[in-house]
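A single chain comes next, written as structure tokens; it is the form predicted on its own.
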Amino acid sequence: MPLEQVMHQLEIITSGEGFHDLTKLINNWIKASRIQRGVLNLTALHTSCSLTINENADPLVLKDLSTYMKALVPEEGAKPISGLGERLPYKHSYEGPDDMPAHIKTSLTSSCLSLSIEDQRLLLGTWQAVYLWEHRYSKQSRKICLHAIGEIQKSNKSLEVNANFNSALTSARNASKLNKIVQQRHNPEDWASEDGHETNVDLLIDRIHDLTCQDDRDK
């Protein structure tokens, strides 16, 4: 099965600092896109929020993570890790006291994640979920780019149409009519396209060849 690429952007409205579970939204998009198996790259298109994989059962884990990160990156400014020396205030503070700390938290975490897709869903552990981690205190509109490369499951309707066409094709017995269909369907520029030559055209040509050989044997 050939690999295909699919891209999309999720828009998430956050209500302040904290975690927003993206797992269900992403799995719904994977299913709607009919991606059976592949790799999905997620990218947060911002500099003050991040992506992370963590606990999906006990919400206290997420609260503790937030508490730890706030202690690690205080709003008052940077101070030597040793505790010695004066605290230096951040120079970048145009959007409030949480502005520069949000940028630092983003740099300490991840803006991109790469995950496997199996059976039309993210391959995650039992207690894992994918989160957008908002580092700003105010309401924000966030965009997450989804870029998947994998095997696309063809729709049943498409498979049924092809099956009916192939069945009619193998039962056809008029080589001249088949040749006319080939001329109608054939695109001489197919070789330059991503999909290449159309399979149905190849089947038509094979069927004409079979009929021609049969006519020669009957003579």
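Because the structure is a prediction, the values reported are computed rather than measured. From 1 onward, residues are counted along the sequence shown.
Absent from the display: the form predicted together with a further copy of the same chain. The rest refers to it.
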Checklist entry - Is M100 one of the residues lying within 4.5 Å of a further copy of the same chain in the predicted complex, judged by heavy atom distances? => result yes
Checklist entry - Is the gap between I117 and a further copy of the same chain in the predicted complex 4.5 Å or less for some heavy atom pair? => result yes
Next on the checklist: I'd like to know whether T47 contacts a further copy of the same chain in the predicted complex, with contact meaning heavy atoms within 4.5 angstroms.
Outcome noted: yes
Item to check | Contact flag, N28 vs a further copy of the same chain in the predicted complex, heavy atom cut 4.5 Å | outcome: no
Next on the checklist: For the stretch 11 to 42, I need every residue with any heavy atom inside 4.5 Å of a further copy of the same chain in the predicted complex, listed N to C.
Outcome noted: R37, G38, V39, N41
